[in-house]
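There is one chain below, alone, in structure tokens, taken in the form predicted on its own.
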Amino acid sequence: MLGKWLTSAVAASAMLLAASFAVSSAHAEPQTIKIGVPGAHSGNLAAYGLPPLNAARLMARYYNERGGINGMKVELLVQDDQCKPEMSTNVATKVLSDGAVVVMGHTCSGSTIAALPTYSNTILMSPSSTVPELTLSGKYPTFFRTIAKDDDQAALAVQCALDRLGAKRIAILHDQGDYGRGYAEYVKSMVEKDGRAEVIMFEGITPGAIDYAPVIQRVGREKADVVIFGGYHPEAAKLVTQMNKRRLKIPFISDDGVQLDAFIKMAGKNAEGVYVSGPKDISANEWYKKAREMHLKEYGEEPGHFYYQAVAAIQALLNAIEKSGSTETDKIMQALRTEYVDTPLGKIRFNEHGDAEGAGFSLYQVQNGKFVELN
């Protein structure tokens, strides 16, 4: 009986000790800083999502080789949403269940919008989601970004069409997604408000379609003297190629979803003369040079689209964690808004809406197979 009693007592003590350890562990400081990295890492839009992933990996190594942040190493939780809103909620749930303290992603605005309700208590910082309502609506207080808004680049498109090209009849096309349609709607509103030109078409196209002949024929019939397109490079490349095949040689203006080398490769000579908006040239910045060299050394090629914005996002998040001395969302948010950090974009912090102060767009044109920044 005594032996049985002793066995029961030992078992009870062990259970009590285990429970006590579990409680203390639940309140212990994390041993690593886990950063979620959701994005388009495969699929048609991987050209936008892989450069930010490379940035996250390189910056995690950079900080870890220097001892981490506040004594903790950086750990990445990588998830692929292929820029598909229907996948992004599950991806967001996964990175949070795995313990992400902060998140750098998603790549596309549609995926970001779909996932944001899941991040109601966690900071999400995107290097590439440009829909203005993400910061201006007030619906997403934990959202931040290191890229300017679509209304900023829409203004550049309208200025190009009206002032540079003297357009009077403007055809506006979009891919029906949150990003492309939103950009197109801002363009339409700005053209109509200005009053110097007429919007003679506002039409959505189907992403992935092989032939855009009907809409291109209508552009010709309506005698448009410029086309402004909201969307991504695969559709833009098809549009300009098919327009040129039909000898419809009118200026084509688009957004930063088109400002990457993949567009020029897909469109070939048809890309010549195309105008796009994109992040300002920051090549003189010291951290830009350092981040570029890191990428060249690791991957043997130039960084892709949104790489530098992603480097800045990781730097800003880790700087805020370090300066606040905390992994609590409210304290990190306060530090993001008050503490400057040196990045490839320059010295930045974030305004009350979550937009990076100092980030902006420029107008580019494809000249001799390269994007050239215009004055």
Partner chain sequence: MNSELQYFFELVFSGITKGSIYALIALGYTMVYGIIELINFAHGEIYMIGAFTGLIVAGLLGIFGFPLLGVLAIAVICAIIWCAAYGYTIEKVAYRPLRNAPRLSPLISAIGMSIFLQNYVQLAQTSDFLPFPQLIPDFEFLDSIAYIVSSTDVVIIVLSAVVMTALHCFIKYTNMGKAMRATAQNRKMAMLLGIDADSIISVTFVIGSALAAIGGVLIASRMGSIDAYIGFLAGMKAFTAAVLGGIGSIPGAMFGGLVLGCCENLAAGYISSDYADVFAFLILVLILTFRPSGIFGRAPVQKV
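Between two forms, the rigid core is the largest collection of C-alphas that superpose within 1.5 Å. Residue numbers count along the first chain shown, from 1. This structure is a prediction, so every number in the text was calculated from the model and none was measured.
We do not show the form predicted in complex with its partner chain, though everything after this point is about it.
None of 158-166, 117-125, 263-271, 140-148 except one has non-hydrogen atoms within 4.5 angstroms of its partner chain in the predicted bound form; the exception is 263-271. Residue contact check for residue 238: one or more of its heavy atoms lie within 4.5 Å of its partner chain in the predicted bound form.
Using a 4.5 angstroms threshold between heavy atoms, residue 285 stays clear of its partner chain in the predicted bound form.
Contact check for residue 211: a non-hydrogen atom falls within 4.5 Å of its partner chain in the predicted bound form. Its partner chain in the predicted bound form is not approached by residue 89, whose heavy atoms all lie more than 4.5 angstroms from it. Between its partner chain and the residues 280, 289, 73, 218, the one pair within 4.5 Å by heavy atoms in the predicted bound form involves 218.
Along 281-315, not one residue places a heavy atom within 4.5 Å of its partner chain in the predicted bound form. After superposition on the rigid core, the Cα atom of residue 305 is displaced by less than 2 Å between the shown form and the other one. Once both forms are fitted on their core, a CA shift of 2 Å or more is seen for residue 229 between the shown form and the other one.
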